[in-house]
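Here you get one chain, nothing else, as structure tokens; it is the form predicted on its own.
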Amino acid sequence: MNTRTIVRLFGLPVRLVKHQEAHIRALLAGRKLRQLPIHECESLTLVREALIETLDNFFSREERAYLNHIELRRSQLLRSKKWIDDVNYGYAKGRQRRSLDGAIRSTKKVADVCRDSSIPPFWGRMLFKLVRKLKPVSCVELGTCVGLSAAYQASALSLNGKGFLRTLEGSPEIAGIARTTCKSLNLDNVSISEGAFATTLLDVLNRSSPIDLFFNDGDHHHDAVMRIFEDSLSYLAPRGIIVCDDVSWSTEMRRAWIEIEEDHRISATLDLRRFGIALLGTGMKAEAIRLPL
């Protein structure tokens, strides 16, 4: 729902809607979620509960303690004045040039990497709640960055009392920062693999199978997203869940997400504008749910 639609439906001033658009979207999404019937698929019901609790900012004292520690770590990274060598095997912007191994190498500030590439707090809390509700045993993440998204997942696994996360990062120096992030938060249920996904993913998939939760925030090319989707499917648990980040980030990502939505092996999908959540299963495909947060 865009700004013009919200103005027409609610008769609010355009300036107010633009200022409060994210809040209004959250309210409308929460209302729609509550109106959805309880689905026979338990996983979809648990995802629905996770989204409602995130939108309502409903977290226990213990959960808030973990989340506060993660945000303190984010603040430290955003204040960092350190420069690092970044190695990027994913999406190229503009005229960035790749080296012979397919990587784009550049020098960046840690603070800039954290600000530009890390998962925002709201979406991190949503990922946290998904793990809390679904209680996965085996999790895989593509795109560790500085470790904040991994920290949300691993913290939830710790609170659940079970589960392990394997996460992949292309840049060695950024992977080192992610290890420091997890160590500073006393998270020992995470392993980080360095290098191009083309050389690390298959081994991680083999060691993680059956995978209950697969979070893809890696290469943002259409073909790469679809290749990873195909490669990972046979390693997922029968009721496994795929979460794709940035599904509206580009036309390529949008096209890839629509193809995943329409895949006959997917039983239900939720499109949250940023996150795309796909549930595996058999039987009649459920209607795709769209909640543009």
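Start at 1 with the first residue shown and count on from there. Everything quoted here is computed from the prediction, not taken from an experiment.
We do not show the form predicted together with a small molecule, though everything after this point is about it.
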item	value
Residue contact check: Ser118 to the small molecule in the predicted bound form, 4.5 Å heavy atom	yes
4.5 angstroms heavy atom contact with the small molecule in the predicted bound form for Ser155	no
Proximity of Leu148 to the small molecule in the predicted bound form, heavy atoms at 4.5 Å	yes
The small molecule contact in the predicted bound form: Pro210, any heavy atom under 4.5 Å	no
In the predicted bound form, the residue from Leu159, Leu78, Leu202, Ala196 that sits within 4.5 Å of the small molecule by heavy atoms	Ala196
Per-stretch contact check against the small molecule in the predicted bound form, the hit in 184-192, 118-126, 202-210, 132-140 (non-hydrogen atom, 4.5 angstroms)	118-126
